[in-house]
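Heads up, the chain shows up twice below as structure tokens, two forms, tagged structure 1 and structure 2.
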Structure 1
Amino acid sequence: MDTQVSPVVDPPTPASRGGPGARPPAVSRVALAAALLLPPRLTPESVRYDRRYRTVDRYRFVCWFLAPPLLIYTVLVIWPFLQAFFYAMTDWTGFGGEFSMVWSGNFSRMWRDDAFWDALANSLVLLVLAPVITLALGLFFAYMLNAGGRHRRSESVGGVRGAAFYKIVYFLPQVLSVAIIAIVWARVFSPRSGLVNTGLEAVGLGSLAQDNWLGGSWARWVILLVLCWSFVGFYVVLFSAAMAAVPRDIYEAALLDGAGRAATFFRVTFPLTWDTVRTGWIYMGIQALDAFALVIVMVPRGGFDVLPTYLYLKAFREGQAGYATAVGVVLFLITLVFTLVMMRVGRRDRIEF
């Protein structure tokens, strides 16, 4: 009697059932990118079982979290920048919507404009000198207030007496509005009843008095003086916070080795606060390029211009918005190059303490 032997069939495996252990079909990059926009429950199984989905799932929350601020930043910052580059190639007057493309015509005109070069030279002088003077004074005052005083019995390192009061005095200009600062200093340098001319005449130096402190070549140095004065207090507080974070043990070790104030500053304090100094340098450079409020309030019309005031003059007083936008593009490029150079040149190995 013949018996039929049925073939042995292996039990179904997860791969044959298409379960979780199955090797999923290849998933396109488009499907993986689309998974960023879908919650996990709505993501197809073919995508969920792909090995690359783990990375997608890891960054899904980050993408959703950053999407709203990036959208706002794009609409309010990136898009206006792109519009500025577009209008810089037009002859738009700023009134109405009619304009025609001039392409590089505004930049060619700028190259031949002596007033533009004068404003650019004034801005570059402020860009170079204002950070150097302001940060040097801020570092000096901050060091004296934190580690430049006499040694006391209870402390190996300390600032001068009354350091807390001096910090308040130095920081006072930061509380005042820029417009108030400009009006006060304009009165100080007034040729008729200003404190400068009056003081020079009182001490017998009337020959040094000027009839026009806020015009011509003198205006550049007056603006530089006021700009540095108004920001020194901010950097005193900023550098004081950075110096307060330096461990006192390092100062004590320097004192035991016989280091004086100057050696302690240049070999201990300055290297350990360099990151803060570099950040302050970039910020002060940007403030020097944006001296619009001081110049527009203090200086009479036509006496002295920087790039922001020259831009304002062309855009709102002469109705040359396209040309003014081209000036703004140049100002943007100068700021960008300055920031990149400072970040590149000022790069050092981070010192841990």
Structure 2
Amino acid sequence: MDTQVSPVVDPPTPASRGGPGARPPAVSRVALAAALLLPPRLTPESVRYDRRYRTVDRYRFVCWFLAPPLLIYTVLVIWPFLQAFFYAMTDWTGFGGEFSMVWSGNFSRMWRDDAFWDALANSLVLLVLAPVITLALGLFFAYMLNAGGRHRRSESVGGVRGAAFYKIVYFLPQVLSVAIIAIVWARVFSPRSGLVNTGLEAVGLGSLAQDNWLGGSWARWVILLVLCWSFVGFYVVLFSAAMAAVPRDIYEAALLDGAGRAATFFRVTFPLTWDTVRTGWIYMGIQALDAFALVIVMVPRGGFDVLPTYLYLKAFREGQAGYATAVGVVLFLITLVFTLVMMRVGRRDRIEF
């Protein structure tokens, strides 16, 4: 307010307005920098009437709004990251104040650690498969809900009957805590009383029932299933929003040209929602790399590990926080590389509409 009002109330003298010979009053850089920290009404007039003050005023606004989140982000995210890189080079147990530097020792130990490679392989399987399955299902459902219905006279494109209801049903897992999802699904796969085995027997497929869905070789596929199930709903809603933004007349044009549902999807919907799909892909990839809560709740010890559960085992059950932090650093690098690759691979010309 002040900055807009006061020049009117108290206009600067013509001499200070500029012009070839008229230099503004000499206000030091220090005073201008100090103005960044002051609210406008407390800023001395000599500074306020300086020509460079307009820039200061703009940056002051930006700085004050950015400072709190940046500070929190630095303290809670950046600083722990830096610390993690440091602790990854120590033999800290996590239970005392003493440790010594082992430099690359943790990483060379990881290189020879079969259990680490198993966990890494499991994490990578999830990283590749979970986004593909989840996003494919999410796109398919969203398309059916938005543009996959029978043609009605009133509108060119529309969802299947009951689309609004399905949208809520798909989204339901999102409002459940992941711990609840894990416990419920563990019950479903319980061999004696679970829905899966009793269901298989009820329809005469008892031979497919397993004694140990969650512990043996089936565990990773069960985790993959639950992971996809719990996230599909989110992507249905996300992609629905993206598809709703596609102008109807493009669909109408495609229809007039005789495009069927598949052609409409691959030629119109998919290219026009690609940006959202790519963002979703990165997000889902990170979710798949985590999968910690599902695995720790559903899979018994010794069943199988993903990187985060292996990290947890080392840090909290074996008291090897230094080694665990090194595993965490590797997980961080994998996430980073994955994100960068996805950003590069997916880059296309943006279609404006």
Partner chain sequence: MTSSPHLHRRTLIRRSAAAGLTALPAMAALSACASGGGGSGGGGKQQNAPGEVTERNPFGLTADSGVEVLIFNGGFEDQYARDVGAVFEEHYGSVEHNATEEISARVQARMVSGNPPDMINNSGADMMPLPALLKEGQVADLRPLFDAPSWDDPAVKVRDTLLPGTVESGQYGGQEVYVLNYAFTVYGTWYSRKLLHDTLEEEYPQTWDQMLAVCEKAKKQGIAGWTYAGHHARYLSFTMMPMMAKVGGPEVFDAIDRLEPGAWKQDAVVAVFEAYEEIAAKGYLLPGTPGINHTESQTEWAKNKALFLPCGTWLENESKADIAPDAEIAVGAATGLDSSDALPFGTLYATAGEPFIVPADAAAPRAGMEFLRIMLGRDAARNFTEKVSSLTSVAGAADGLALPPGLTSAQEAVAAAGENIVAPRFREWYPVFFSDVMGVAMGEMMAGDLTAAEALDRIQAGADAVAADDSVEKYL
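Rigid core (definition): largest C-alpha set, two forms, superposition within 1.5 Å. Quick note, the numbers are simply positions in structure 1, starting from 1. What you see is a predicted model; the values in this text were computed from it and never measured.
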Handout entry: Structure that is the form predicted together with its partner chain (1 or 2)
Key = 2
Fill in the blank from the handout: At the hinge separating the two rigid parts between structure 1 and structure 2 sits, of Gly216, Asp290, Ile72, Ile282, the option Ile72
Fill in the blank from the handout: The number of degrees by which the smaller rigid part pivots relative to the larger between structure 1 and structure 2 is 27
Exercise for the section: Could the core-superposed CA displacement of Cys63 between structure 1 and structure 2 be given in angstrom, to one decimal? Expected result: 4.2
Exercise for the section: For Arg54, give the CA shift between structure 1 and structure 2 in Å, the superposition being done on the rigid core. Expected result: 8.3
